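Just one chain is shown here, as structure tokens, and it is the form predicted alone.
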């Protein structure tokens, strides 16, 4: 059953033309992570590279393609967690970095801290030799169009979130049985300056523990934080539930308790995985035993070989 990698490209409601591109993007990300695992690479390497691939893809709300805050600026959050040691690293409200997930990994590996924010995170990035990129290079025309539309006082906040996939994330187990997760996001459309969502918070935007499993969520950040969604899924798994049952219980609780919709990708130490969501759609893909599984709507599980025929 090992190795395995599962990725998501965000939960929500998206138009058909963007949905197809999102599905292509998550499949590519899963293949990227799986190729690393097949060569004996670590779960951490796999999740970081899978998420990097989605940050570089303008179809997703992370890295290039991130949504804009009220001022029309980008503020991105990311987290990584290593299930072997429970080491974690995160960044919040970062601007001129192409791949916040890689910066989050550096926070984990090179500092004694778990999370660095805003200008402090930028200073750390410079000290680590992470190239600064112009903020404009991360802003797409689509993000600008959505931002302008949402400035209208009559804008409908629900409709505003449509058409943009949310957070991206990945979970993996490598051939040594080590587990990791990574999550990255541009946050909420037209959020207040300085708003930080669930993504960089341990137990909310991700959690990985070799003894139980790993989770990467997507959805409304404030709702996810109120129920510490990632840790809640793993709590149910500790009680003996399967990844799928645990995911459904946690998502149902979030919906009933705080009216929050979202989704999760989950894996346990044996390589059993799940991709579950309470929203209308969630683009996801999983690679295991040479097969690539993927879907977008409830009940979908398409399968094709991981190796693409050229």
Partner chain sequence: MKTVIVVHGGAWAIPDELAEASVAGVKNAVRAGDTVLKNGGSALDAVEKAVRSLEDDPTFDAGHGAVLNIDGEVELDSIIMDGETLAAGAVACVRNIANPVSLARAVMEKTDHVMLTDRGASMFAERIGTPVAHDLVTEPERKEWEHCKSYHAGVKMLFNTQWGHDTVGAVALDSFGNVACATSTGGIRNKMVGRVGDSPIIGSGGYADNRSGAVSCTGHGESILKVTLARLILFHMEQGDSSTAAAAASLQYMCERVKGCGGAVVLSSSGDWAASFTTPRMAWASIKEDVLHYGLNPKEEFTEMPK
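Numbering follows the first chain given and starts at 1. Values in this document were obtained by computation on a predicted structure and should not be read as measured data.
The form predicted in complex with the partner chain exists for this protein as well; it is not shown, and the discussion that follows is about that form.
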(request) Please pick, from 196, 74, 130, 143, the one residue with any non-hydrogen atom lying within 4.5 angstroms of the partner chain in the predicted bound form. (result) 196
(request) Tell me, yes or no, whether residue 151 is in contact with the partner chain in the predicted bound form, where a contact means a heavy atom of each within 4.5 Å. (result) no
(request) Would you check, heavy atoms only and a 4.5 Å threshold, whether residue 136 touches the partner chain in the predicted bound form? (result) no
(message) Can you tell me if residue 176 lies within 4.5 angstroms of the partner chain in the predicted bound form, counting non-hydrogen atoms only?
(response) no
(message) Just checking whether residue 257 would be counted as a contact of the partner chain in the predicted bound form - the rule being heavy atoms within 4.5 angstroms.
(response) yes
(message) Partner absent here, but in the predicted bound form, which of 143-151, 96-104, 81-89, 168-176 has residues with a heavy atom within 4.5 Å of the partner chain?
(response) 81-89
(message) For the partner chain, considered in the predicted bound form: do all three of 280, 292 and 302 come within 4.5 Å of it, counting heavy atoms only?
(response) no
(message) With the partner chain taken in the predicted bound form, which residues across 102-125 come within 4.5 angstroms through any non-hydrogen atom?
(response) 111, 112, 113, 114, 115, 116, 117, 118, 119, 120, 123, 124
